[in-house]
Ligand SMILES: NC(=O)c1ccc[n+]([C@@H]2O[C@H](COP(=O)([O-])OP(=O)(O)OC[C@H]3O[C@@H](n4cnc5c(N)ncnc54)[C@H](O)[C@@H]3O)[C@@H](O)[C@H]2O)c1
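Quick heads-up: it's one chain on its own, the form predicted on its own, in structure tokens.
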């Protein structure tokens, strides 16, 4: 907190400025949406006090990769300054842009590495407007006190529907027939074309997407089996199998829905293709590193695999344009695109208007709630901490947000600093090497707040501090 921040803080206390409202929900996941319908314990006559870090016009948000307009509208409603770009930025330009922003919103193409984040002097939060977060150095962000949020639920239906479309298209060789007709070739055939009814779909990873896919597939008459590293209750009549090899040997279609981890890298390679049924089909709409594509090419050429649909790749272009999906990006590209009955899509699994709108709402609300209230529920790299909102009539109260190293004795030091004041609420939690404390301190004036900040700022374990009032 610099001198300007302290002046803003003092002015707000002096003039009792009402700076607008903050969102009421962290996310729009099914469970949270249900919880939001339950009665509140606060009486209707109690208005929530609005908390702001300082003049909201000073909050700068950088949005890249054509983040949905719902997010832009939410941030502008909060009074933030929004810098919006349709594409990703080159690293040198990104480093320059990120220096002064308080929050950044990205999708999958922007890489927030340690090199980039080192230049982010004011950054407090990152929003990944997608499922994955592997494009962010999560550990380094946490060490800098930067919370990272994503949207793990909102595009599940869109991805599941794309996979259903690809199952049918592969079984009927729709992609090849379409390409042929576009070039003037009439090729009406039924050989090696199948109905999907009665076939077996094997789902690897039975999370939000895998389970939705399971329900859709059963409605179409497919038998569903699934493999997951944890035991998960089946939906419908799906059955969990104990090993990956069993799933591969029994499935006519195999669909992957796993995260990118060291354990999932090349989890489908030559031995796994050998275990699959002759004439089976592979679909990958998860992460590009999960399938060993050179091995897939070999299995296709040997006619072990009858078809494949890929939406993700180990290396993907950073922007749209002609000629970008080439051997210079992935050395096997020419071989892959020459194969019959292979559907290639440019990472569009979650790219529907409905999904992007829902993601925009979910992530922007999570970022706004963290900026305005300090609530970190839903953060992927951070302790999840939240305090209930202050009542509107609770004046001269400051919320302390203290992010620190998770080492012995810190809470004792902090409570000694706060002991001369009335602590209305306090909550802390830790995650690995990082801990996060929130506390509401009442009956304080400008001098008290400045003193609290300076004492906490001088503690050895401090990573970052914010004061909301």
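Everything quoted here is computed from the prediction, not taken from an experiment. Residue numbers count along the first chain shown, from 1.
There is also a form predicted in complex with the named molecule; it is not shown, and the following applies to it.
Among heavy atoms of residue 264, some come within 4.5 Å of the named molecule in the predicted bound form.
The shortest heavy atom separation between residue 111 and the named molecule in the predicted bound form exceeds 4.5 Å. Using a 4.5 angstroms threshold between heavy atoms, residue 317 stays clear of the named molecule in the predicted bound form. At a distance threshold of 4.5 angstroms between non-hydrogen atoms, residue 228 is in contact with the named molecule in the predicted bound form. Interface residue among 382, 206, 370, 80 relative to the named molecule in the predicted bound form, by the heavy atom within 4.5 Å criterion: 206. Interface residue among 272, 214, 286, 376, judged by heavy atoms within 4.5 Å of the named molecule in the predicted bound form: 286. Heavy atoms within 4.5 Å of the named molecule in the predicted bound form map, among the stretches 70-78, 139-147, 169-177, 255-263, onto 255-263 alone. Residues from 310-347 that approach the named molecule in the predicted bound form with a non-hydrogen atom closer than or equal to 4.5 Å are 311, 312, 347, in the order they occur in the chain.
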